[in-house]
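Next up is one chain by itself, shown in structure tokens, the form predicted alone.
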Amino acid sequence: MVNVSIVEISYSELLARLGYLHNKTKLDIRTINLIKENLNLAQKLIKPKSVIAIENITLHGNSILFESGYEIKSSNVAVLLENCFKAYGIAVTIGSALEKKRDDCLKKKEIFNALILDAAGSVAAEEVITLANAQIKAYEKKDNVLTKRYSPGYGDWPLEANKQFLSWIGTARAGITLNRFYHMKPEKSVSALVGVKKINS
């Protein structure tokens, strides 16, 4: 249902991620060329993948119950999903090749190259989940509306909850795992919950 294999890393978004102000920061030619060279390299290294889960839900106070038995306990998520009848779990990654190249640059003391690659990876991951979200929205019926995205680690939905959340989504299919600090690997991966409700609810 969701195809994220073709993702373009936005040059303007990359500049913003690097802290350069659009139409205000003047860059010299050498810096511009260096940024574009690393952007082109990053574009070749990313291997976008996405995994989607969808399930009907019911709300009971601060608990969100899924048909499969999965449960989220969070007042913030309950507010987000108020009047929702189902929810999507989305997890995306750009793979590990780019972060390996970034780490190689760090070992070689090529700090600016590493900085650009890291920023490009962050932009790419955000582009991937935005694309997945847009495709889900297009797939849904016209009288349904999606909530904003919400991820473990925000509000009262603890980062530790990402372990159960990713298990529910089935991220092993995309090679996404967690380290002992509950951070996703590959590093440039993103997970999020999105609710669905009727447009007039």
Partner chain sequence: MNKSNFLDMLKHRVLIMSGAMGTELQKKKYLDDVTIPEELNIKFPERVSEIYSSYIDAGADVVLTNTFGANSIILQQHNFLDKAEDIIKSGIDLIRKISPDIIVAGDVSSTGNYIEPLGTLSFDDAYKAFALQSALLQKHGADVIIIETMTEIKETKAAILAAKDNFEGAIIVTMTFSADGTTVTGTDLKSFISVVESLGADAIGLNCCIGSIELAELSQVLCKNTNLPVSFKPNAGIPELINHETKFLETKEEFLEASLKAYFYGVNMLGGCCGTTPEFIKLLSNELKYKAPKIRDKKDKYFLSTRTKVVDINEIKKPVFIGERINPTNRKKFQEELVKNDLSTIKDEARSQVRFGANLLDVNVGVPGVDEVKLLANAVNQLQEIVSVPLCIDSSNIKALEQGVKNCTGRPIINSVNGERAKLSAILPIAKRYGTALIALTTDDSGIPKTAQERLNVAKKILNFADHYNFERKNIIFDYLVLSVSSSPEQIQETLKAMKKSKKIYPECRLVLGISNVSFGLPSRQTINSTFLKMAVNAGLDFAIVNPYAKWDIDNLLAKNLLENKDKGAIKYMESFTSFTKQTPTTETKKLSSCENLYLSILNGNKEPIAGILDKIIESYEDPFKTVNDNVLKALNIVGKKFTAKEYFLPQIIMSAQAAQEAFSIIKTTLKREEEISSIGKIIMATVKGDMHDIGKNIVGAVLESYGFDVIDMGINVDSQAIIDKANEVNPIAIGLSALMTTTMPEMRKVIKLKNMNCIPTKIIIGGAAVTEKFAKEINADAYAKDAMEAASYIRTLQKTRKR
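Fair warning: this is a prediction, and the values are worked out from it, not measured in the lab. Numbering follows the first chain given and starts at 1.
What follows is about the form predicted together with the partner chain, which we do not show.
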Every residue of 60, 127 and 137 near the partner chain in the model of the complex, heavy atom within 4.5 Å:
no
Might residue 3 be said to contact the partner chain in the model of the complex, defining contact as any heavy atom within 4.5 Å?
yes
Are any of the heavy atoms in residue 148 no more than 4.5 Å from a heavy atom of the partner chain in the model of the complex?
no
Since only the chain is shown here, I'm wondering whether residue 114 would be in contact with the partner chain in the model of the complex (any heavy atom pair within 4.5 Å).
yes
Can any non-hydrogen atom of residue 110 be found within 4.5 angstroms of the partner chain in the model of the complex?
yes
Where, within 34 to 67, is there a heavy atom within 4.5 Å of the partner chain in the model of the complex? Residue list please.
34, 35, 37, 41, 43, 44, 45, 46, 47, 50, 51, 52, 53, 54
